[in-house]
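Form predicted alone, single chain, as C-alpha cells, below.
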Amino acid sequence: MSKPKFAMYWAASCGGCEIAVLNIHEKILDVDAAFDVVFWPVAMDAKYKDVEAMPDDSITLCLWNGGIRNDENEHMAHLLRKKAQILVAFGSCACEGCIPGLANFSSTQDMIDTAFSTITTDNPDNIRPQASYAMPEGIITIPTINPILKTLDQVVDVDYYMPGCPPESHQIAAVIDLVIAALNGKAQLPPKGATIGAGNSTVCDECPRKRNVKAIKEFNRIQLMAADPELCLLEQGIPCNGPATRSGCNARCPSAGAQCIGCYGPAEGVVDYGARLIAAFASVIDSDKPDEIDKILDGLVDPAGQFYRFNLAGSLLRASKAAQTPKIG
C-alpha cells in the first residue's frame, strides 16, 4: 500500500513555522517514515502544476502556514483545499493573521509607499512593483496584493487550527504522533474545527507568578523598571497579554521575565482578543476618575499593537476603513 501523502505550504509569513517543523529533530524521520512528502516548496523541488495534476483529496495532511495576502496565496489555498483531506491552519499567521495582518490598518497604497519611498529605502527613481511587465522574452507577472490580509479560514474551509508564533516543537511532535496513530487506527482525531497542539485555558493559568489583585497607577515598559520576579507582571503595571491568550506554551515568556505578547491567540471562548484584553487591563487600574484613567492608559505606547499584534485580521475589527475602501482616482 502507498503511504499517506503530506504537504506543507508557506504563504504570507516569516518562515518560522517551517523551521519549527524541522526543529522537531529526529521526529522528522517519523514524518518521512509515515508519509510520502509530495509538496513542500521550502524543502523540496515542486511545481504548482504537479499539485494541480493530483487527484482531489489525494493529500492526506496539509499544514498551511501564513495569511492570505495576494492572489497567489488565495489560488493555492483553494487548490490545496481541494487536494487535501485534512487542512490545518498552522501557526499564528494562518490562524489569526499575525504581524503581517497589522498592515490591515493601512491601505495597500500606503503600505507600498512605506516600503518603496521611506528614508530607509534607496529608490531614487521612485519605482513601484508592477503586476505585469513586458520583456523581450514575453510578459512576466508577479502576484497582485489583495486589499487586506485574510486568515486561512476566511478564504477556505479549515479542519484544524494549530496556533503559535511558531507552534512549539514539542506540540508539533505530539500532533504528528496523534495523526500517525489515527492513520494506523490506534487513535481518533479531534472533532473538525478543534484547536490542536495547544491548551484550552489561558497563559495566566500556566504562569507561576503570584497574583494579589494589585491595583496600578501607571503602565510602564518592562525595560524601564525592575520587575518583581515572583509577582504577576500585569499587576506591576507591565502590559502582559496572558489573561486573553491561549495556554500551551507553558507561560514561557512570563516565566523568563518577559510579558506575554499573545502569540498563541485567543483563549477558548474569547470572541474578540482585543476586547478581552481591554477588560483585563481595565480591571487592574486603581482609579475611577476619567482624567486619571486616561493618564494611566497613556502608558500604553501602542494600544493597537498591544491588543491586536497577532489577531487583527482574525478579530471582529479585521481592518481599518482605509484598508477596506479602495482609493478613487
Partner chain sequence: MTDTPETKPLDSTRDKPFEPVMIGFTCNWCSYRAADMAGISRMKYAPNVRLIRLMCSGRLDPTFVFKAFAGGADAVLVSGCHPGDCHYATQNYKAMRRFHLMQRVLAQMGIEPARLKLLWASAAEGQIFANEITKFVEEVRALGPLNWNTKPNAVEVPAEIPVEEVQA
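Positions refer to the first chain, counted from 1. All values derive from a computational prediction rather than experimental measurement.
Just so it is clear, the following notes concern the form predicted in complex with its partner chain, a form of the same protein that is not shown.
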item	value
Residue 217 within 4.5 Å of its partner chain in the model of the complex, heavy atoms	no
4.5 Å heavy atom contact, residue 23 to its partner chain in the model of the complex	no
Contact test in the model of the complex: residue 281 vs its partner chain, heavy atoms, 4.5 Å	yes
Residue contact check: residue 290 to its partner chain in the model of the complex, 4.5 Å heavy atom	yes
Segment that reaches its partner chain in the model of the complex - one of 55-63, 269-277, 256-264, 24-32, heavy atoms within 4.5 Å	269-277
Heavy atom of each of 36, 177 and 201 within 4.5 Å of its partner chain in the model of the complex	no
Neighbours of its partner chain in the model of the complex among 25-49 [non-hydrogen atom within 4.5 angstroms]	47, 49
